[in-house]
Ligand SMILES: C[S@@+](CC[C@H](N)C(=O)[O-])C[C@H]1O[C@@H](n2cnc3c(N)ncnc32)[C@H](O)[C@@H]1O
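What follows is one chain in structure tokens, specifically the form predicted alone.
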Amino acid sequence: MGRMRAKRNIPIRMERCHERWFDDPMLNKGHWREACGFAADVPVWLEIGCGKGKFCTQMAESHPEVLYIAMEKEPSVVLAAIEKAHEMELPNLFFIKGDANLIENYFDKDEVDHMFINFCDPWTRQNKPKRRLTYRDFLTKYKGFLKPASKISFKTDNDELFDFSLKEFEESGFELSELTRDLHNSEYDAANIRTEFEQKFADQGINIKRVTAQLK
């Protein structure tokens, strides 16, 4: 997918949707449900790297019973997702403009029920596997705020990243299920929601890999 053009008037446009995003998510650590106006027993689903918001808006719309929090680092990218959610008037979708490297500062113990990592940077050409969002150090951070038996749903187009991630999940104490190396031709596709990148790769004939990793 091509580089997004820089958006104009980002601060003004984000202010128009101010009720949907948090610029300082550390202030909500331990009380996200309260901060978003939800009951204490509502499940919290978290997506890291939501892009322009195709996946998170459809997920939030399909699951009104959950509080869905989508995180993105780049302001010009997350703006597209925020404006889409604002236009759709989704009451259960909120956004974090934040960095995954600091994620342990955003959520408290047992605060998240389900995580989604879709088409993250594979860091292959740079040969920096420790930057991958499925590297064991990141998985340790996630375990700090995931509830027991919580799940991480992971999708990628990259074979190297997928094989790497399977190993990291297992060695970090996760049990794997719903594993497929051709998601769109599998039994799991009926319930699958495609991201922008996913559709691009599918149009190029690239198989999509998907796995669910559950804390033992």
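Numbers for residues come from their place in the sequence shown, where the first is 1. If you're wondering where the values come from, they're calculated on a predicted model, not measured in any experiment.
Quick note: we don't show the form predicted together with the named molecule, though the next part is all about it.
The candidate stretches are 169 to 177, 50 to 58, 37 to 45, 22 to 30, and the one lying within 4.5 Å of the named molecule in the predicted bound form by heavy atoms is 50 to 58. When the named molecule is considered in the predicted bound form, only one residue from Thr124, Asn101, Ser76, Asn105 comes within 4.5 Å through any heavy atom, namely Asn101. Mapping the unseen interface onto this chain, Leu133 counts among the residues with a heavy atom inside 4.5 Å of the named molecule in the predicted bound form. Phe145 falls outside the set of residues with a heavy atom inside 4.5 Å of the named molecule in the predicted bound form. Within 4.5 Å of any heavy atom of the named molecule in the predicted bound form lies no heavy atom of Asn92.
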